[in-house]
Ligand SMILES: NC(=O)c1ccc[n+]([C@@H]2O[C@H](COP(=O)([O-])OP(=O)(O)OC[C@H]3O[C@@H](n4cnc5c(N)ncnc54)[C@H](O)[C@@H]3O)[C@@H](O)[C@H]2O)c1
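Single chain ahead, written as structure tokens, the form predicted on its own.
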């Protein structure tokens, strides 16, 4: 491992930066893995909120980030849409850009980072089509740069255990299953209403990718057909969004996964959301089950004082495994859970590449990370972009089935009438 630290620029100052990314990067700074931290946003308003976040300040006393633009000097309503380019351009080569922007903006930020010889970690999905993912993969490899996608469910121990047992043949073969992930109602009142619109994205693209990636991660199967039905409703600001979605994904062994998503979980309900997956498998003479209830993990807390955040409650059914702040000695709190482990793994992967002596060695390390298949990369998770592309084509055409084709030139197309005959 290289002795040098990673300077990190986070592009995007929204919810996921506050609740997972920035505290994880602060902890890695505390551990000596990360050096300077910058956070870039469209304007200074979210940066001021980050700087004043009581949990972050209590957890990481004495630590801070450089605000771009400076929330102390500029008006919160003044926008700087190109500022991230200026900040990335000034970074020394071989550091890390963390992309935490709306889905449709990922491609531009990733390309800017690669242009300036920076490693990349992006929130999921990387991009919304295969062509862009392949372009990113090839450019990064040619330059000896790591690109990771933060599919944190891969780092949930239950996922890793299921993967081991599936690989060892203990479950047999996946045949049919269901997954759901319903985010809270209050998302409709957040910045989602400005970007997660019918034109740009949908509930399937935003959260179904977690469980589609997880099925592929556990089973090694590839998705080959997607159909998504979306229910459009208006956000409070009047924009239209596919706020409820039902997706069906067929896999290359004929298995079927149904995925239900939306922004409709009651704000008053005890969990942060509702989510889980059930996969039914079969062996030669018997069936198996993989069943993960991911929103309730046995913890019930009833508190006397309710906080001011939208997801604060009097009664919690807390998920202790994803991301929590706890005191384990020393100063402040530290993050625990697979949300932190995922970001840590991506940063350590970038440092593995930096430790290589030349471009040829860097390329070998990148390919090794691809082959290990734990950290998601464009090379080992490109099927996600094909699903995103197929899902968008389907949902904007009334749920028509879309076929994913692999081979030398992967792509998507509508299912042909003649292809239905085999089911008759």
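These numbers come from a predicted model, not from an experiment. Numbering follows the first chain given and starts at 1.
Absent from the display: the form predicted in complex with the ligand. The rest refers to it.
From the list 219-227, 233-241, 305-313, 187-195, the contact stretch for the ligand in the model of the complex under a 4.5 Å heavy atom rule is 187-195. Residue 15 belongs to the set of residues with a heavy atom inside 4.5 Å of the ligand in the model of the complex. Mapping the unseen interface onto this chain, residue 42 counts among the residues with a heavy atom inside 4.5 Å of the ligand in the model of the complex. The shortest heavy atom separation between residue 125 and the ligand in the model of the complex is within 4.5 Å.
Proximity of residue 25 to the ligand in the model of the complex: non-hydrogen atoms within 4.5 Å are absent; the residue sits far from the partner. Relative to the ligand in the model of the complex, residues 105, 206 and 210 are all within 4.5 Å by at least one heavy atom. Only one of 81, 169, 330, 298 comes within 4.5 Å of the ligand in the model of the complex through a heavy atom, and that residue is 81. Note on the partner interface in the model of the complex: the residue among 279, 343, 136, 100 having a heavy atom within 4.5 angstroms of the ligand is 100.
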